[in-house]
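Shown below, as structure tokens, is a lone chain in the form predicted on its own; questions about how it binds or moves come after it.
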Amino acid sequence: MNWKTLVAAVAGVGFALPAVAQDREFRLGLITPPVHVWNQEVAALNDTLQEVSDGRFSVVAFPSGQLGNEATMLQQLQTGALDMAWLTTAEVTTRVPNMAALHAPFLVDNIADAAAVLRSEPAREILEDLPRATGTVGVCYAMTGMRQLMTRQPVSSAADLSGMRFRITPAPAIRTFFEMFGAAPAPMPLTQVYDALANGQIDAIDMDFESIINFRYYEHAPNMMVTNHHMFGMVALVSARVWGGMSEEDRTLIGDAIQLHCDRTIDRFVDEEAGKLERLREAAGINITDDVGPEFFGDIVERWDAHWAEQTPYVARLRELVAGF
């Protein structure tokens, strides 16, 4: 999907406004902390935009959920109260069922393949659902690595996970996976997870290496299984009202700049994933079990696919895509 397709999609749902060239500081929301790769690339996006627009455009970031949780920011984008956001694909699945396919368990077994999926034509097709469903334009995808399981107590079989209170990202596709192996999903904001592990409010989490390192979750959940059970994507969003008010030239300029930093984000995670795992191996007190694959969970992949195939054809399309890698 190119920028002309995006423009047509926005106009088709009534968000097109008179395009006026003007200086603008775009407000961009994220739930991740300043140290996170996403935030670093948003800061670099600001530099890029200022350079390519001769100072007409800039971006100011609001990290760590300062503007609310992802659902709140999505509402703000829809009304035009917020200009841009880098949100997890998990949040967008609540309004775009096709995006749930990106959270299919064990869709890929490594981060390089995850990057290929996010850059694929089927994945980009899903972005076409966003203007009508969310009032936003999905410019591009990025990621925050593969998801792993971390528990307070050691685990030797999938049966040990049954009944555990797992902090999850509140998305139907993710909830389905955890409920299918008997866990008790406990959605909560990222900022509350460390304390919840410390006080025993939750028993376990699924998380990527980047956040495990940044938040030191292993201090209270020292048992990590390297499962790569699903990839965790990000989608760079622009309010459709804001997008519709830009000239075609400015949409291209801004879209290309965002795409550049989505690509850089993906490349950084692919390049740094192995090193992050090695850093965790060196952390005191952490117990790591490698190569915990889908067979650990029995027939959960087949059951998840059967459930979600009724809601989106993209489960089968992405499985077919990955089979050809």
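Numbers for residues come from their place in the sequence shown, where the first is 1. Bear in mind the structure is a predicted one, so any value in this text is a computation, not a measurement.
Although not depicted, the form predicted in complex with a small molecule is the subject of the following passage.
Engineer: Could you confirm whether R251 comes within 4.5 Å of the small molecule in the predicted bound form, counting heavy atoms only?
Structural biologist: The answer is no: R251 has no heavy atom within 4.5 Å of the small molecule.
Engineer: Looking at the partner-bound form in the predicted bound form, is D208 within 4.5 Å of the small molecule by any heavy atom?
Structural biologist: Close contact exists here: in the predicted bound form, D208 approaches the small molecule to within 4.5 Å, heavy atoms only.
Engineer: Is it the case that H103, even though its partner is missing from this view, gets within 4.5 Å of the small molecule in the predicted bound form, heavy atoms only?
Structural biologist: Although the small molecule is absent here, H103 would stay clear of it in the predicted bound form, with no heavy atoms inside 4.5 Å.
Engineer: Contact between T48 and the small molecule in the predicted bound form at 4.5 Å, heavy atoms?
Structural biologist: No, T48 sits far enough from the small molecule in the predicted bound form that none of its heavy atoms falls within 4.5 Å.
Engineer: Taking T151, Y218 and T289 as the candidate spot, are all three within 4.5 angstroms of the small molecule in the predicted bound form by heavy atoms?
Structural biologist: The answer is no; none of T151, Y218 and T289 reaches the small molecule.
Engineer: Tell me, which of L28, I266, I31, I258 has a heavy atom within 4.5 angstroms of the small molecule in the predicted bound form?
Structural biologist: Of the listed residues, the single hit is I31.
Engineer: Give me the residue from Q78, T93, T176, T88 that has a heavy atom within 4.5 Å of the small molecule in the predicted bound form.
Structural biologist: Contact residue from the list: T88.
Engineer: Report the stretch among 158-166, 123-131, 93-101, 139-147 that approaches the small molecule in the predicted bound form to within 4.5 Å, counting heavy atoms only.
Structural biologist: Within 4.5 Å of the partner lies stretch 139-147.
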